[in-house]
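Read the single chain below, which is given as structure tokens and is the form predicted on its own.
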Amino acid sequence: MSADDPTAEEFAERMLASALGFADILAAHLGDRLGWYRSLAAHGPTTADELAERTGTDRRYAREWLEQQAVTGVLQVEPGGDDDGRRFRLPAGAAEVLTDDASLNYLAPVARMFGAVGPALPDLLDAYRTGGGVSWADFGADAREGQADLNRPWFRELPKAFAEVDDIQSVLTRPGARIADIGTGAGWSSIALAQAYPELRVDGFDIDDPSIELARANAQDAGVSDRVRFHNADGDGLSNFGRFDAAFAFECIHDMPRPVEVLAAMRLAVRDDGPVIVMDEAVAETFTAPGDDLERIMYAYSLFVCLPDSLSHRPSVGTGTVMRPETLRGYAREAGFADLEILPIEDFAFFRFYSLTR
């Protein structure tokens, strides 16, 4: 036994803290999906009766949730009032994190994503026993939309990030340029680039039908559907859409069962002088235990979502969320690229940008 090993009491305290954090996530899932946080943000200090009336929910459950949120420190309680008249307030900082979908601090979708894991736990247990998988389709709308909403504020920052990289900026600003967005999901990356570059044409690709439908609706609402098209196609299908001036894969290569085939298709689909860019998780270059909070959250995503999804398709390399630079470098070389370089784009959430070189 090492001198650094925790005692039973110390580890019990850690487990209790984890249980409290998990309870906070589940409670945040309720507040997000029932519209309670948004109602509090919009109307200010609120009683349980008022919250229930505004949101079409049950008063008794609303009161219990409000009290729990106050006890756990999310909400503040206004002075005065008995049990029925007590007013609860959502502070501005918490309101931004929980309701402002344009903020880079927006994290309510995290609760939505982990909430989606609960119903899938029996299937996950079976997959862990048998080596099978659980796909995005099995996790449902909460996971799909939660992932999209979590990334959306950062995708709005892509034009600002790319403005500092000449090879990318020169393509995006070229009149009539056409790019491919691989694994586009709900389409927010394609939409953000099209909005920033008025002459840019974007083709987004995904294999999830509900995501494609959502992306098309989002593009229509954003007023860019004349220049942004979405297709249900995997990497192999790129050859059916002509040649592109650049190709991007935003936070999706680690999910793909056959990343080498996708990267090879991207290489062939892009003109010889066009950039091929991968944005993926900014995990540590090597495995180290214990790891930092970024490593912990990425392994959490991997355990419950990304690795099971990847293994739901066969054959699969089973990358998982924690795709380190050397792993991607190996995939790139196998796909016919000479190497990769890490782009000087920093402080971009949990992400790292790679340019695959020929």
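Small disclaimer: the values here were computed from a predicted structure and weren't measured. Numbers for residues come from their place in the sequence shown, where the first is 1.
Beyond what is shown, the protein has a form predicted together with a small molecule; the following relates to that form.
Figure note: of the listed segments 156-164, 207-215, 122-130, 75-83, the one touching the small molecule in the predicted complex, with heavy atoms no more than 4.5 Å away, is 207-215. Just one of V262, I277, L193, V134 comes within 4.5 Å of the small molecule in the predicted complex, counting any heavy atom, and that one is V262. Scanning A108, M256, A94, I168 against the small molecule in the predicted complex with a 4.5 Å heavy atom cut-off leaves one residue, M256. Proximity of L98 to the small molecule in the predicted complex: non-hydrogen atoms within 4.5 Å are absent; the residue sits far from the partner. In the predicted complex, the small molecule sits within 4.5 Å of a heavy atom of D234.
Proximity of A269 to the small molecule in the predicted complex: non-hydrogen atoms within 4.5 Å are absent; the residue sits far from the partner. Interface residue remark: G183 is counted as part of the site for the small molecule in the predicted complex, having a heavy atom within 4.5 Å.
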